[in-house]
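Shown below, as structure tokens, is a lone chain in the form predicted on its own; questions about how it binds or moves come after it.
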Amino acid sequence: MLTRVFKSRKPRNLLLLFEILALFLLFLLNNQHIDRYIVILFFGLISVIYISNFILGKISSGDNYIFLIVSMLLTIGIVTIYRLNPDTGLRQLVWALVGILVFYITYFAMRGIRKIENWAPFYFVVALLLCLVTLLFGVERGGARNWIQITNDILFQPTEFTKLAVVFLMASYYAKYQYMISRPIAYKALLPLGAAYLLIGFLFIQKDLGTAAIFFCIFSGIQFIYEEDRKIILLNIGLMLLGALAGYFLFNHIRVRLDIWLNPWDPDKIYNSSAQIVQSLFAIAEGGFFGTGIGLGNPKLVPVGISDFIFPVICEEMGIFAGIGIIMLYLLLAYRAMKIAMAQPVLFYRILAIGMAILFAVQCFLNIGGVIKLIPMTGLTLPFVSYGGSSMLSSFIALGVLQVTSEDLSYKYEGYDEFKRK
């Protein structure tokens, strides 16, 4: 039976083979920590991923590749985290299973609920409330006050979900809400600008610069495509430059991050503030093209190696070719998302697909660019790969939204032509 499965050469069968080989390698390395529970959990995940890909091919008329791409990233992330810390790896595995469940809930909810393009005020209120709750009750971790502590062991990062609310807000405004306002174009164009910069302002106060950059990129990308008043785009760029300068002079942590980026090898910083980036560069260099092999490197020397700095850990033990492979997977995901957007005739869902493409592409760029010293570090996770429940759930929600946008949604509208491409 297995021979027949692999001979069919379908992508999901090749993915199954990759996952079985990866787990076999991992169990060979950590054979002293394996029990029946761990084996059942891991093979349960493989089965869920395989069955999910199979079911999705039957129930969805849309893109059948984005879930496969994410499955690959998910497997690489879990294998790496389990290799570093088996207990954390098991927690990530559970989050992955919950994430797949959330993906299907999002998928069926988005397909079933109608007229969600009319909810612009609701999306804004949700984003604003999440920012306010974080500002009032948040705790500081890793230099940013962007966590809500529920118990000693359970923390929740609301900004991961605020990003999705911002995408929905912009899609709803440009697809529907702007036509409901009977005011001059210039006045209307200032509304999304004001909303976006209000939310970005909250993130600056919370020192969450990475998420602020994502908000700005999502807003600017959608605005550049759909804003009728082009002068507002120039105003946005001017405000961005002004905000960057103000942030540099007002907030010490921004100056510190810029200084670390420019002078990581300074003897006064190399063992303190710039230790993360220095160890990251050493790990990537140590791995070379093909890596030292799983279990043969020293990835525990890289601070936050299971989360923000997981990319150099992968490069050290699997090689820079594996790192390039991960980048290629994210490029493929962003490419598929843009292709979905171009094929989607309903404006609201087309903008959603563009927003999700920008979200995945920018977050990947900010994370990998930061750990290879291409840009200053931002403290963002690598979607589907880094450890983190909030990141995993929000990424799967975004994937569920993208899956829906890849389908024919004409059944939702009676006057279908009204929503078609203009």
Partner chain sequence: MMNSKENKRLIVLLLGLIAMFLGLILYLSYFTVFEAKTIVDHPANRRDSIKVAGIKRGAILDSKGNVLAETVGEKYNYTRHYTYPRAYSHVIGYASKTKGRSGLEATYNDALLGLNSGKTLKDLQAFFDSDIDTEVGDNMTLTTNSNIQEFVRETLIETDKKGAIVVMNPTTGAILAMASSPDFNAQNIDQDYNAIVEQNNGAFFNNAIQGGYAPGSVFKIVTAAAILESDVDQSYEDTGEEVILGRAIKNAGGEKYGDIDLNEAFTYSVNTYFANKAVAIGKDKFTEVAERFMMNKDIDFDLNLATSTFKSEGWDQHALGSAAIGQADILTTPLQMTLITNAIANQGKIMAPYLVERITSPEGATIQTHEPTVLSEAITPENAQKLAEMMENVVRQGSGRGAQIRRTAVAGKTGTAQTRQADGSYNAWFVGFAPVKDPKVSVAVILQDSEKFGGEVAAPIAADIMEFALGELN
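Numbering follows the first chain given and starts at 1. It should be emphasised that the depicted structure is a prediction, and the values quoted were computed from it without experimental measurement.
Omitted from view is the form predicted together with the partner chain, to which the following refers.
- Under a 4.5 angstroms non-hydrogen atom cutoff, the partner chain in the predicted bound form has N298 among its neighbouring residues.
- For L28, a non-hydrogen atom is located within 4.5 Å of the partner chain in the predicted bound form, even though that partner is not displayed.
- Under a 4.5 angstroms non-hydrogen atom cutoff, the partner chain in the predicted bound form has F289 among its neighbouring residues.
- Taking the partner from elsewhere, V302 is found to have a heavy atom lying within 4.5 Å of the partner chain in the predicted bound form.
- Screening L190, I181, L239, L331 for any heavy atom within 4.5 Å of the partner chain in the predicted bound form leaves a single hit, L331.
- Interface residue among I270, A109, L101, V256 relative to the partner chain in the predicted bound form, by the heavy atom within 4.5 Å criterion: I270.
- Taking the partner from elsewhere, every residue among E227, L281 and I320 has a non-hydrogen atom within 4.5 angstroms of the partner chain in the predicted bound form.
- The stretch among 77-85, 270-278, 241-249, 197-205 whose residues place heavy atoms within 4.5 Å of the partner chain in the predicted bound form is 270-278.
- Taking the partner chain as positioned in the predicted bound form, the residues of 345-367 that bring a heavy atom within 4.5 Å of it are, in sequence order, P345, L347, R350, I354, A357, I358, A361, V362, C364, F365.
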